[in-house]
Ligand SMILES: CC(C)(COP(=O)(O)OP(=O)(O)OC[C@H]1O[C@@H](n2cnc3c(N)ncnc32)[C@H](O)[C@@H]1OP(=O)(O)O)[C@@H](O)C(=O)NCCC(=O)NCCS
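Next up: just one chain, as structure tokens, the form predicted on its own.
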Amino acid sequence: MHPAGGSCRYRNMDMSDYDAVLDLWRVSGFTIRPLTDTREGIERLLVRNPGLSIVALDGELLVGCALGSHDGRRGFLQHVAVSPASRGLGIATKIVDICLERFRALNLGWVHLDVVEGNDVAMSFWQRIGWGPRDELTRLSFCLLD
């Protein structure tokens, strides 16, 4: 039996993690978005939101990550991922717990995240750890990219 969070160590994400995080997102099936998921886009996020993005390391291997940000009122989690070989060990739950603790320290009222429609595995995970849909809200977006 593995302890919650596996035998990983957890730390703040920094730009030296970018290539490994990008590889993790790809193997996890994430769509890599132009502009926002580039090296420059992630660096902007990390600079504007210090200490809110977390990585999990098993030895030297990066096996999990989450991007955290906030607008001063609400927190946002994005791109929470664990490598397929490391799933089921509590790593994502531990990463999310660390992020939530840091959001609480900023006195934020809510934390939001998006789940891609049809991603039943992700939806099951989030609901299992206490997250629920907001039926009274509909996310609207406007693309700034040409």
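Here the structure is a predicted model, which means the values were calculated and not measured. All residue numbers refer to positions in the sequence shown, first residue = 1.
Although not depicted, the form predicted together with the named molecule is the subject of the following passage.
- Using a 4.5 angstroms threshold between heavy atoms, L100 stays clear of the named molecule in the predicted bound form.
- With a 4.5 Å cutoff on heavy atoms, L61 does not count as touching the named molecule in the predicted bound form; it lies far away.
- Although the partner is absent from this view, L35 stays clear of the named molecule in the predicted bound form, with no non-hydrogen atom inside 4.5 angstroms.
- For R44, no non-hydrogen atom is located within 4.5 Å of the named molecule in the predicted bound form, even though that partner is not displayed.
- V115 is the sole member of V115, L57, L106, V111 with a non-hydrogen atom within 4.5 Å of the named molecule in the predicted bound form.
- Listed stretches are 48-56, 80-88, 35-43, 66-74; the contact stretch with the named molecule in the predicted bound form is 80-88, by a heavy atom cutoff of 4.5 Å.
- No residue of the trio Y18, L22 and R26 has any heavy atom within 4.5 Å of the named molecule in the predicted bound form.
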